Every structure is written in C-alpha cells, then in structure tokens.
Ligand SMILES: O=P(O)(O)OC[C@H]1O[C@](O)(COP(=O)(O)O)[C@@H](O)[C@@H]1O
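We begin with a single chain expressed as structure tokens, specifically the form predicted on its own.
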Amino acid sequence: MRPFDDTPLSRDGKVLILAYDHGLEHGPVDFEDVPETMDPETVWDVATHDAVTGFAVQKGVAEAYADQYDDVNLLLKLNGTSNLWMGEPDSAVNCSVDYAAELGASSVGFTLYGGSNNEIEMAEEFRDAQETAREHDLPVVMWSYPRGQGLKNDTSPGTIAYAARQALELGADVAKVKYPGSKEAMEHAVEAAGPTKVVMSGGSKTSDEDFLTTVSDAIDAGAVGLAVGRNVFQRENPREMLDALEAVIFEEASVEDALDYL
C-alpha cells in the first residue's frame, strides 16, 4: 500500500472527489436538471473549488480540457460502459495508466463489479492497471460496486463491507462504496477495508439536509470523504454545496452549520 496522505488526492488526510463520468455511464439524462452542465467546461469550472481533491472524468473529456485547468487535480477514469449496454455488468477499459499519466492525471480510477459474471476479467484488468499505476506513483481509486444477476441486495451491510475488503485485497488505495444505510454498517465497511481508505459514493440527488447528514454520518464512521457527482452538479448552486461539504468533511462541522452555506 502506497503512502496516501502525501498525494494530491488527499487534503489533510481527507478526500472530496467530484465525479463527472456520468455522460458515459448514464448518458445526457443526468444533465437535464441543469442543462448547462452538458458543457464539460461548466463542471471543470466547478472543480476548481478548493474542496475538490480530485476531478474524475473519462479520457475524452480529459483530452479536451485538462491542459486548460492546471489547478484541478485530474483523476482519470480508466474504464466505463454506457447505459445502453444491457448485459451482465462489465466495464470496458478505455484508457491506459500510461496515457492517463501523459494527460497529467494525479490519480486513476477503476470500476470493479464484484459478483458479476465478468468479475474475473475485470479483476485481471484492475491488476494490470494497479501495477502500472505503482510505476507512475499514482494512487488508485476503486469504484467497488458489487452487481450482477446473482446479487440480491447491492447495499446490504455485508455486501458493502465485502466491497471495501475486495478493494483492499486487490490493492486499491481508496475504495468508493455505496452507503450501507447506517453509521454502524459504514463503520464495519471501514474496518473491513483495513489500510485502504474508504469514501462514500454520492449517489442520486437528494435534499440538502438528507445528503449532508449521510455524508456526516459516513465521516463519523471513519470514511475519509466522498466521491460525488449528481448531488453537486445537478444543483443550481454547486459551489455553495461544495462549501457545505468542505465544512463537513474537512472541518468536521455539524450539518446545521453546513446548511448555512446553502
């Protein structure tokens, strides 16, 4: 396990990843609430906020804009699959670690669908990416999302703990996992991850208070931060939400105090 706190992805040991890989994973529907977010430059501008320690995008978006935003820490997503794909969960490798480093990435991300019929292939692809990332001294974030025809509940406490442990066992520096429903279940996932850092997936847009409460509970449970997309860029006030998240994650402010930013 590589040292984590001395990387650009970490700020005082905490993490706030702004994810904008949704155009591939979900399609344009995720931009309909705030149509200007269809333009990647709009969200790149949001990613310049001091709270953002990594901006997760796919290769094409990085190629188009990364050289214009030297003040944004690029987290290049190495794999991803469109929502048009209707088969058993899988994720195409769209970018190499070598090319991510060439584009100026300071970290890389990789999705693994544990429990899918395609898990073995994805794990082997992750092995290659993780070992090459070590050569470039780039931290690796695993989107650890158990999913597949044999999985009945992808957010149960046991499943999320397994997802966090799988990230550790395969060599990820950071595990991005869904919130398992309670602070106690999140504590179990953090414990299962050992030295691998755990961040909560932001998920679908919810109310300001509900979202900040869940983030606060995850931090209290030992998560080091958040990887969020829709709960920031689907709002009319994304920078104000990042102000609030900065207070909760980095300053350990209460939800009530964080809501004042909104």
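Residue numbers run from 1 along the displayed sequence. Everything numeric here is computed off the predicted structure, so don't read it as measured data.
What comes next is about the form predicted in complex with the ligand, which is not displayed.
Looking at Ala62, Val199, Val228, Val215 here, can you tell me which has any non-hydrogen atom within 4.5 angstroms of the ligand in the predicted bound form? Going through each option in turn, the one that passes is Val228.
I need to confirm a contact call. Of Pro40, Gly222, Gly203, Gly194, which residue comes within 4.5 Å of the ligand in the predicted bound form, counting heavy atoms only? None of the others qualify; the residue that does is Gly203.
Exactly one stretch in 86-94, 159-167, 181-189, 139-147 has heavy atoms within 4.5 Å of the ligand in the predicted bound form; which is it? Looking at the partner contacts, the answer comes out as 139-147.
Does at least one non-hydrogen atom of Glu246 fall within 4.5 angstroms of the ligand in the predicted bound form? Answer no; every heavy atom of Glu246 is more than 4.5 Å from the ligand in the predicted bound form.
At the 4.5 Å heavy atom threshold, is Leu9 in contact with the ligand in the predicted bound form? Residue-level check for Leu9: no, no contact with the ligand.
With a cut-off of 4.5 Å between heavy atoms, is His22 one of the residues that contacts the ligand in the predicted bound form? His22: contacts the ligand in the predicted bound form.
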